[in-house]
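Shown below, as C-alpha coordinates, is a lone chain in the form predicted on its own; questions about how it binds or moves come after it.
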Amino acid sequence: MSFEALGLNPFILRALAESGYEAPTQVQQDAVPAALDGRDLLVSSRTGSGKTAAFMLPSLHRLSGVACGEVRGPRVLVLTPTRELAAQVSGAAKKYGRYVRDSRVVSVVGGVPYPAQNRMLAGRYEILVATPGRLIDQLDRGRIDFSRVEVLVLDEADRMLDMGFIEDIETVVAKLPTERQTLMFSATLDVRIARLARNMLRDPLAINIASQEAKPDIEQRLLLADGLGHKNRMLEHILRGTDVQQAIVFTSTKRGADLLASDLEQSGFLTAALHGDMRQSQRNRALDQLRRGRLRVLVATDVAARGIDVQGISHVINFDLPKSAEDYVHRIGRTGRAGRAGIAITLVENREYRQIKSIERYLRLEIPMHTLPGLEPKSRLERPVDERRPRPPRKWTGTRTAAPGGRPPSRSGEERHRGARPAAAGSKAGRW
(Lines give C-alpha, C1' and ligand atoms only; values in the text may rest on other atoms or scores of the structure.)
Protein backbone atom coordinates (compact mmCIF):
# COMPACT_ATOMS: atom_id res chain seq x y z
CA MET A 1 0.00 0.00 0.00
CA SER A 2 1.13 3.56 -0.70
CA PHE A 3 0.47 6.73 1.26
CA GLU A 4 -1.61 7.97 -1.69
CA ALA A 5 -4.00 5.06 -1.12
CA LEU A 6 -4.72 6.32 2.42
CA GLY A 7 -6.51 9.38 1.02
CA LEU A 8 -4.28 12.03 2.60
CA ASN A 9 -4.07 15.65 1.53
CA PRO A 10 -1.60 16.22 -1.36
CA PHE A 11 0.38 18.72 0.73
CA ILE A 12 0.97 16.02 3.35
CA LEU A 13 1.93 13.49 0.66
CA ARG A 14 4.47 15.96 -0.70
CA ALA A 15 6.08 16.36 2.73
CA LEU A 16 6.19 12.58 3.22
CA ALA A 17 7.86 12.07 -0.15
CA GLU A 18 10.48 14.73 0.56
CA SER A 19 11.16 13.09 3.94
CA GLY A 20 11.90 9.75 2.27
CA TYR A 21 8.76 7.88 3.38
CA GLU A 22 7.85 5.28 0.76
CA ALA A 23 5.10 3.11 2.25
CA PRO A 24 3.02 3.18 5.44
CA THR A 25 3.73 0.73 8.24
CA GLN A 26 1.07 -1.71 9.39
CA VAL A 27 -0.17 0.50 12.21
CA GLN A 28 -0.45 3.43 9.78
CA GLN A 29 -2.34 1.32 7.24
CA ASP A 30 -4.89 0.28 9.87
CA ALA A 31 -5.19 3.47 11.94
CA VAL A 32 -5.07 6.31 9.39
CA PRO A 33 -8.20 5.41 7.33
CA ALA A 34 -10.25 4.81 10.49
CA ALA A 35 -9.08 8.12 11.99
CA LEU A 36 -9.93 9.92 8.75
CA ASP A 37 -13.46 8.52 9.09
CA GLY A 38 -13.71 10.18 12.49
CA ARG A 39 -13.59 7.02 14.62
CA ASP A 40 -12.18 6.98 18.14
CA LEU A 41 -9.23 4.58 18.23
CA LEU A 42 -7.60 2.34 20.83
CA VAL A 43 -4.33 1.25 19.27
CA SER A 44 -1.70 -1.12 20.65
CA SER A 45 1.57 -1.32 18.77
CA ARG A 46 5.18 -1.85 19.72
CA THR A 47 7.66 0.97 20.04
CA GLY A 48 9.27 2.03 16.78
CA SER A 49 6.35 0.89 14.61
CA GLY A 50 5.32 4.34 13.37
CA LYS A 51 2.63 5.30 15.88
CA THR A 52 3.45 9.03 15.72
CA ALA A 53 2.62 9.26 12.03
CA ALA A 54 -0.44 7.04 12.59
CA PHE A 55 -2.13 9.77 14.64
CA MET A 56 -0.41 12.89 13.29
CA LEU A 57 -1.14 12.31 9.60
CA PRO A 58 -4.95 12.15 9.97
CA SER A 59 -4.86 15.07 12.42
CA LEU A 60 -2.97 17.21 9.90
CA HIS A 61 -5.41 16.13 7.19
CA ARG A 62 -8.26 17.44 9.35
CA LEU A 63 -6.44 20.78 9.81
CA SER A 64 -5.89 21.12 6.07
CA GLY A 65 -9.60 20.89 5.32
CA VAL A 66 -10.95 23.93 7.21
CA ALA A 67 -9.26 27.29 7.78
CA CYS A 68 -9.04 28.21 11.47
CA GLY A 69 -9.51 31.96 11.10
CA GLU A 70 -8.39 34.25 13.89
CA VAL A 71 -9.67 32.14 16.80
CA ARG A 72 -6.86 31.14 19.16
CA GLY A 73 -6.31 27.86 20.97
CA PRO A 74 -5.43 24.35 19.81
CA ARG A 75 -7.52 22.20 17.51
CA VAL A 76 -5.34 19.14 18.15
CA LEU A 77 -4.05 18.28 21.63
CA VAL A 78 -1.40 15.59 22.08
CA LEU A 79 -0.48 14.39 25.58
CA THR A 80 2.84 12.60 26.05
CA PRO A 81 4.54 11.22 29.18
CA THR A 82 8.00 12.77 28.70
CA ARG A 83 9.64 15.89 27.32
CA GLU A 84 11.68 13.80 24.88
CA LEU A 85 8.58 12.22 23.39
CA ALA A 86 6.91 15.64 23.20
CA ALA A 87 9.89 16.93 21.24
CA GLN A 88 9.70 13.95 18.89
CA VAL A 89 5.98 14.44 18.26
CA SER A 90 6.43 18.20 17.73
CA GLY A 91 9.20 17.57 15.24
CA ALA A 92 7.10 15.03 13.36
CA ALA A 93 4.13 17.42 13.20
CA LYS A 94 6.32 20.16 11.75
CA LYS A 95 7.90 17.78 9.24
CA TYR A 96 4.66 16.22 7.97
CA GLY A 97 2.76 19.52 8.03
CA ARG A 98 5.37 21.79 6.50
CA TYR A 99 3.07 22.56 3.53
CA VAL A 100 -0.18 22.63 5.51
CA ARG A 101 -1.08 26.26 6.09
CA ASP A 102 -2.78 26.05 9.50
CA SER A 103 -0.54 23.57 11.33
CA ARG A 104 1.50 25.66 13.72
CA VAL A 105 2.86 23.65 16.66
CA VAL A 106 3.44 24.69 20.28
CA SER A 107 5.08 22.45 22.87
CA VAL A 108 4.33 22.86 26.59
CA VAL A 109 6.68 20.81 28.78
CA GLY A 110 8.47 21.16 32.08
CA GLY A 111 12.01 22.50 32.25
CA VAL A 112 11.32 25.32 29.78
CA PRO A 113 11.17 28.94 31.07
CA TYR A 114 7.64 30.25 31.42
CA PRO A 115 8.16 33.52 29.51
CA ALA A 116 9.09 31.68 26.31
CA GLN A 117 6.12 29.33 26.62
CA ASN A 118 3.77 32.18 27.47
CA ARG A 119 4.72 34.04 24.30
CA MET A 120 4.02 30.96 22.16
CA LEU A 121 0.67 30.34 23.86
CA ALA A 122 -0.34 33.95 23.28
CA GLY A 123 0.02 33.55 19.51
CA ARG A 124 -1.87 31.50 16.94
CA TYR A 125 -1.33 27.78 16.81
CA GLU A 126 -3.34 24.68 15.91
CA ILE A 127 -1.40 21.78 17.49
CA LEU A 128 -0.49 21.65 21.16
CA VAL A 129 1.90 18.92 22.34
CA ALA A 130 2.25 18.76 26.10
CA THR A 131 3.24 16.78 29.16
CA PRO A 132 0.40 16.61 31.72
CA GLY A 133 2.08 18.43 34.62
CA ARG A 134 3.05 21.63 32.80
CA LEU A 135 -0.20 21.62 30.85
CA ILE A 136 -2.22 21.64 34.08
CA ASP A 137 -0.07 24.49 35.35
CA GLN A 138 -0.71 26.60 32.27
CA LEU A 139 -4.42 25.76 32.37
CA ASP A 140 -4.64 26.97 35.96
CA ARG A 141 -3.02 30.25 34.88
CA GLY A 142 -5.70 30.71 32.19
CA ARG A 143 -3.29 30.70 29.26
CA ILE A 144 -4.94 27.93 27.21
CA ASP A 145 -8.43 27.82 25.69
CA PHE A 146 -9.70 24.29 24.94
CA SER A 147 -13.01 25.38 23.42
CA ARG A 148 -12.11 24.40 19.86
CA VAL A 149 -10.19 21.15 20.43
CA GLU A 150 -11.31 18.64 17.80
CA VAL A 151 -8.79 15.84 18.36
CA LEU A 152 -7.28 14.51 21.58
CA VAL A 153 -4.32 12.13 21.30
CA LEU A 154 -3.01 10.14 24.27
CA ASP A 155 0.43 8.96 23.18
CA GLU A 156 2.10 6.17 25.20
CA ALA A 157 -0.93 6.00 27.46
CA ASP A 158 0.50 3.05 29.41
CA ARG A 159 3.61 5.02 30.29
CA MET A 160 1.56 8.00 31.48
CA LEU A 161 -0.35 5.70 33.82
CA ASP A 162 2.93 4.18 35.06
CA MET A 163 4.17 7.67 35.88
CA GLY A 164 1.05 8.51 37.90
CA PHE A 165 -0.55 10.97 35.47
CA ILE A 166 -4.06 9.51 35.63
CA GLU A 167 -5.52 12.38 37.71
CA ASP A 168 -3.90 15.00 35.47
CA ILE A 169 -5.27 13.27 32.38
CA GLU A 170 -8.77 13.17 33.86
CA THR A 171 -8.52 16.87 34.77
CA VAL A 172 -7.54 17.80 31.21
CA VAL A 173 -10.20 15.62 29.59
CA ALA A 174 -12.90 17.13 31.80
CA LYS A 175 -12.12 20.57 30.32
CA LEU A 176 -12.31 19.43 26.67
CA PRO A 177 -15.38 19.58 24.41
CA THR A 178 -17.42 16.38 24.57
CA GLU A 179 -17.76 16.36 20.77
CA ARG A 180 -14.22 15.44 19.85
CA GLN A 181 -12.24 12.58 18.38
CA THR A 182 -9.99 10.69 20.80
CA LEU A 183 -7.04 8.58 19.66
CA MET A 184 -5.35 6.48 22.34
CA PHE A 185 -2.03 4.83 21.51
CA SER A 186 -0.15 2.44 23.78
CA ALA A 187 2.65 -0.07 23.49
CA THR A 188 0.76 -2.46 25.78
CA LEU A 189 -2.87 -3.07 26.69
CA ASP A 190 -3.94 -3.99 30.20
CA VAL A 191 -6.86 -3.51 32.59
CA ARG A 192 -5.85 0.09 33.36
CA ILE A 193 -5.81 1.05 29.68
CA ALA A 194 -9.17 -0.63 29.12
CA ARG A 195 -10.67 1.31 32.04
CA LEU A 196 -9.24 4.59 30.75
CA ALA A 197 -10.59 3.87 27.28
CA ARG A 198 -14.10 3.17 28.61
CA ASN A 199 -14.16 6.55 30.33
CA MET A 200 -12.72 8.65 27.52
CA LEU A 201 -13.49 7.01 24.16
CA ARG A 202 -16.80 6.59 22.35
CA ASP A 203 -17.35 3.26 20.60
CA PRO A 204 -13.60 2.98 19.81
CA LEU A 205 -12.13 0.81 17.11
CA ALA A 206 -9.53 -1.45 18.74
CA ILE A 207 -6.40 -2.08 16.66
CA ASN A 208 -3.86 -4.51 18.06
CA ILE A 209 -0.84 -4.42 15.80
CA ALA A 210 1.47 -6.01 18.39
CA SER A 211 0.02 -9.46 17.72
CA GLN A 212 0.09 -9.02 13.92
CA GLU A 213 3.44 -7.57 12.99
CA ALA A 214 6.86 -9.15 13.07
CA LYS A 215 9.19 -8.29 15.92
CA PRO A 216 11.93 -5.80 15.11
CA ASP A 217 15.28 -7.20 14.02
CA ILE A 218 16.95 -6.95 17.42
CA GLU A 219 19.45 -9.55 18.59
CA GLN A 220 19.29 -9.92 22.36
CA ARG A 221 22.20 -11.13 24.48
CA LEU A 222 22.95 -11.72 28.15
CA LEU A 223 26.42 -11.22 29.61
CA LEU A 224 27.03 -12.55 33.13
CA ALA A 225 29.03 -10.17 35.33
CA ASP A 226 30.87 -10.98 38.56
CA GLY A 227 30.39 -7.45 39.87
CA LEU A 228 30.61 -3.74 39.11
CA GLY A 229 34.26 -3.82 38.06
CA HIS A 230 33.60 -6.69 35.69
CA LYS A 231 30.63 -4.79 34.23
CA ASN A 232 32.79 -1.73 33.57
CA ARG A 233 35.43 -3.78 31.77
CA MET A 234 32.86 -5.54 29.61
CA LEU A 235 31.13 -2.26 28.76
CA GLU A 236 34.35 -0.68 27.54
CA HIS A 237 35.17 -3.81 25.52
CA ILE A 238 31.76 -3.68 23.82
CA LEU A 239 31.91 0.04 23.05
CA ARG A 240 35.34 -0.30 21.46
CA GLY A 241 33.94 -2.80 18.97
CA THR A 242 33.97 -1.76 15.35
CA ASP A 243 30.31 -2.75 14.93
CA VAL A 244 29.13 -0.11 17.41
CA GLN A 245 27.92 2.97 15.56
CA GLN A 246 26.07 4.66 18.41
CA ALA A 247 24.92 3.19 21.70
CA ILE A 248 22.54 4.00 24.54
CA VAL A 249 23.63 2.66 27.93
CA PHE A 250 20.85 2.45 30.51
CA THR A 251 21.41 2.87 34.24
CA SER A 252 18.91 2.65 37.09
CA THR A 253 19.78 5.97 38.79
CA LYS A 254 20.55 9.54 37.79
CA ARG A 255 23.76 9.58 39.81
CA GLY A 256 24.80 6.32 38.19
CA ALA A 257 24.26 7.84 34.75
CA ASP A 258 26.43 10.86 35.58
CA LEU A 259 29.24 8.74 37.06
CA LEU A 260 29.26 6.25 34.21
CA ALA A 261 29.18 8.99 31.56
CA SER A 262 32.14 10.68 33.28
CA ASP A 263 34.11 7.42 33.40
CA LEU A 264 33.47 6.69 29.73
CA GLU A 265 34.42 10.23 28.74
CA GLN A 266 37.72 9.85 30.60
CA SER A 267 38.28 6.62 28.68
CA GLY A 268 38.06 8.49 25.39
CA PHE A 269 34.42 7.98 24.35
CA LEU A 270 32.25 10.83 23.05
CA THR A 271 29.67 10.54 25.82
CA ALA A 272 26.84 12.47 27.43
CA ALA A 273 24.32 11.73 30.17
CA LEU A 274 20.54 12.10 29.99
CA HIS A 275 18.24 12.04 33.01
CA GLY A 276 15.40 13.89 34.72
CA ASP A 277 17.52 16.20 36.88
CA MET A 278 19.07 17.90 33.86
CA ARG A 279 17.73 21.20 32.55
CA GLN A 280 15.65 20.89 29.41
CA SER A 281 18.26 22.80 27.41
CA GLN A 282 20.90 20.24 28.47
CA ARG A 283 18.65 17.33 27.54
CA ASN A 284 17.86 18.86 24.16
CA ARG A 285 21.56 19.47 23.52
CA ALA A 286 22.44 15.84 24.30
CA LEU A 287 19.74 14.49 21.98
CA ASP A 288 20.68 16.93 19.21
CA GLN A 289 24.32 15.84 19.42
CA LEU A 290 23.23 12.21 19.29
CA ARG A 291 21.10 12.79 16.19
CA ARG A 292 23.92 14.70 14.50
CA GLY A 293 26.38 11.89 15.18
CA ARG A 294 28.53 13.98 17.51
CA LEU A 295 27.96 11.52 20.37
CA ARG A 296 28.86 7.87 20.24
CA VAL A 297 27.45 6.92 23.65
CA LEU A 298 24.45 8.26 25.56
CA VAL A 299 24.14 7.13 29.19
CA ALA A 300 20.52 7.46 30.25
CA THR A 301 17.93 6.55 32.81
CA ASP A 302 14.48 5.34 31.76
CA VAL A 303 13.44 8.93 31.02
CA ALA A 304 14.94 8.18 27.58
CA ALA A 305 13.33 4.77 27.11
CA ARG A 306 10.53 6.36 25.09
CA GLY A 307 10.71 9.30 22.77
CA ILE A 308 14.18 8.82 21.28
CA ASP A 309 14.09 8.02 17.57
CA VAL A 310 17.66 7.96 16.28
CA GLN A 311 18.25 5.53 13.44
CA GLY A 312 22.01 5.42 14.01
CA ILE A 313 21.69 3.61 17.37
CA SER A 314 23.13 0.17 16.71
CA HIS A 315 23.39 -1.01 20.32
CA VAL A 316 21.37 -0.74 23.51
CA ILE A 317 23.22 -1.84 26.65
CA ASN A 318 21.45 -2.43 29.95
CA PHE A 319 24.20 -1.66 32.44
CA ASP A 320 21.54 -1.94 35.14
CA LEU A 321 18.40 -4.01 34.77
CA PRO A 322 15.10 -2.14 34.33
CA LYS A 323 12.37 -2.22 36.97
CA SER A 324 9.92 -4.11 34.77
CA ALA A 325 9.75 -6.25 31.66
CA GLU A 326 7.79 -3.50 29.90
CA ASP A 327 10.63 -1.04 30.53
CA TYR A 328 13.06 -3.60 29.09
CA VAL A 329 11.02 -3.75 25.87
CA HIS A 330 10.97 0.04 25.55
CA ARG A 331 14.68 0.29 26.24
CA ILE A 332 15.73 -2.17 23.57
CA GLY A 333 13.25 -0.56 21.17
CA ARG A 334 15.68 2.38 20.85
CA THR A 335 17.64 0.22 18.39
CA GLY A 336 16.43 -1.76 15.38
CA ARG A 337 14.30 1.16 14.20
CA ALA A 338 13.01 1.88 10.69
CA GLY A 339 13.72 -1.67 9.54
CA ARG A 340 17.36 -1.68 10.65
CA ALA A 341 19.05 -4.38 12.67
CA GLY A 342 20.11 -3.77 16.24
CA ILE A 343 21.76 -5.46 19.21
CA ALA A 344 20.54 -5.33 22.81
CA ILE A 345 23.01 -6.47 25.49
CA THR A 346 22.11 -6.90 29.14
CA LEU A 347 24.77 -7.14 31.84
CA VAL A 348 23.39 -9.33 34.62
CA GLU A 349 24.63 -10.63 37.96
CA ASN A 350 23.65 -13.89 39.63
CA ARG A 351 21.45 -12.12 42.17
CA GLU A 352 19.34 -10.71 39.32
CA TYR A 353 18.24 -14.10 38.04
CA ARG A 354 14.57 -13.62 38.91
CA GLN A 355 14.38 -10.32 37.01
CA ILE A 356 15.79 -11.97 33.91
CA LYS A 357 13.29 -14.82 34.16
CA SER A 358 10.47 -12.28 34.49
CA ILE A 359 11.62 -10.55 31.30
CA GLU A 360 11.91 -13.87 29.46
CA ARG A 361 8.40 -14.90 30.52
CA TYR A 362 7.07 -11.58 29.27
CA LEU A 363 8.89 -11.97 25.93
CA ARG A 364 8.07 -15.69 25.74
CA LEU A 365 11.61 -16.48 24.76
CA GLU A 366 14.94 -17.31 26.37
CA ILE A 367 17.64 -14.71 25.92
CA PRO A 368 20.89 -16.48 25.00
CA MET A 369 23.95 -16.15 27.22
CA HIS A 370 27.17 -14.87 25.61
CA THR A 371 30.73 -14.37 26.82
CA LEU A 372 33.50 -11.97 25.82
CA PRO A 373 36.94 -13.50 25.11
CA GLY A 374 39.22 -12.75 28.03
CA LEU A 375 36.35 -11.44 30.16
CA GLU A 376 34.60 -14.69 31.00
CA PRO A 377 32.75 -14.68 34.35
CA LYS A 378 34.04 -16.74 37.25
CA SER A 379 30.52 -17.75 38.27
CA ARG A 380 27.55 -19.26 36.47
CA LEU A 381 23.96 -18.06 36.27
CA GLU A 382 22.23 -20.67 38.42
CA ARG A 383 18.64 -21.22 39.51
CA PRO A 384 18.21 -20.22 43.17
CA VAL A 385 17.59 -23.09 45.58
CA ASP A 386 14.14 -21.84 46.59
CA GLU A 387 13.00 -21.99 42.94
CA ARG A 388 13.67 -25.71 42.64
CA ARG A 389 10.58 -27.88 42.46
CA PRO A 390 9.47 -28.79 45.99
CA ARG A 391 9.23 -32.46 46.91
CA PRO A 392 5.67 -33.81 47.10
CA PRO A 393 4.42 -34.43 50.65
CA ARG A 394 4.87 -37.94 51.91
CA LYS A 395 1.70 -39.99 52.17
CA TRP A 396 0.48 -42.14 55.07
CA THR A 397 0.50 -45.82 54.10
CA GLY A 398 -0.94 -47.31 57.27
CA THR A 399 -4.36 -47.17 58.87
CA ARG A 400 -4.97 -44.79 61.71
CA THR A 401 -7.54 -45.63 64.31
CA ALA A 402 -10.04 -42.87 64.78
CA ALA A 403 -10.64 -41.43 68.19
CA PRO A 404 -14.15 -40.72 69.46
CA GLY A 405 -15.63 -37.90 67.39
CA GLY A 406 -14.07 -39.10 64.12
CA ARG A 407 -10.61 -37.45 64.51
CA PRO A 408 -7.41 -39.52 64.51
CA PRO A 409 -5.50 -39.62 67.79
CA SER A 410 -2.69 -37.14 68.27
CA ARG A 411 0.93 -38.21 68.30
CA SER A 412 3.79 -37.21 70.51
CA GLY A 413 6.68 -35.17 69.16
CA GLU A 414 8.89 -38.24 69.20
CA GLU A 415 6.36 -40.26 67.22
CA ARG A 416 5.94 -37.48 64.68
CA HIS A 417 9.69 -37.20 64.33
CA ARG A 418 10.07 -40.92 63.72
CA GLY A 419 7.11 -41.03 61.38
CA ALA A 420 5.27 -43.60 63.49
CA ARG A 421 1.58 -43.71 64.31
CA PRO A 422 0.15 -44.56 67.72
CA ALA A 423 -0.18 -48.31 67.89
CA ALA A 424 -3.29 -49.96 69.28
CA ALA A 425 -2.93 -52.93 71.61
CA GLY A 426 -2.11 -56.08 69.71
CA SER A 427 -1.53 -54.32 66.43
CA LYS A 428 1.55 -53.39 64.44
CA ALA A 429 2.51 -49.80 63.97
CA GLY A 430 1.88 -48.32 60.57
CA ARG A 431 4.62 -46.49 58.75
CA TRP A 432 5.02 -43.58 56.33
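The model shown is predicted, which means the values in this text are computed figures rather than measured ones. All residue numbers refer to positions in the sequence shown, first residue = 1.
The form predicted in complex with adenosine-5'-diphosphate (ADP) exists for this protein as well; it is not shown, and the discussion that follows is about that form.
- Judged by heavy atoms within 4.5 Å of adenosine-5'-diphosphate (ADP) in the model of the complex, the contact stretch among the candidates 319-327, 233-241, 264-272, 95-103 is 95-103.
- In the model of the complex, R46 approaches adenosine-5'-diphosphate (ADP) with a heavy atom inside 4.5 Å.
- Interface membership of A23, defined by any non-hydrogen atom within 4.5 Å of adenosine-5'-diphosphate (ADP) in the model of the complex, is confirmed.
- Remark: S59 does not count among the residues lining adenosine-5'-diphosphate (ADP) in the model of the complex, judged by a heavy atom distance of 4.5 Å or less.
- Mapping the unseen interface onto this chain, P377 falls outside it, with no heavy atom inside 4.5 Å of adenosine-5'-diphosphate (ADP) in the model of the complex.
- Only one of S107, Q88, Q181, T188 lies close to adenosine-5'-diphosphate (ADP) in the model of the complex, with a heavy atom inside 4.5 Å, and it is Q88.
- Contact residues in stretch 28-61 (any heavy atom within 4.5 Å of adenosine-5'-diphosphate (ADP), taken in the model of the complex) are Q28, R46, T47, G48, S49, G50, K51, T52, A53.
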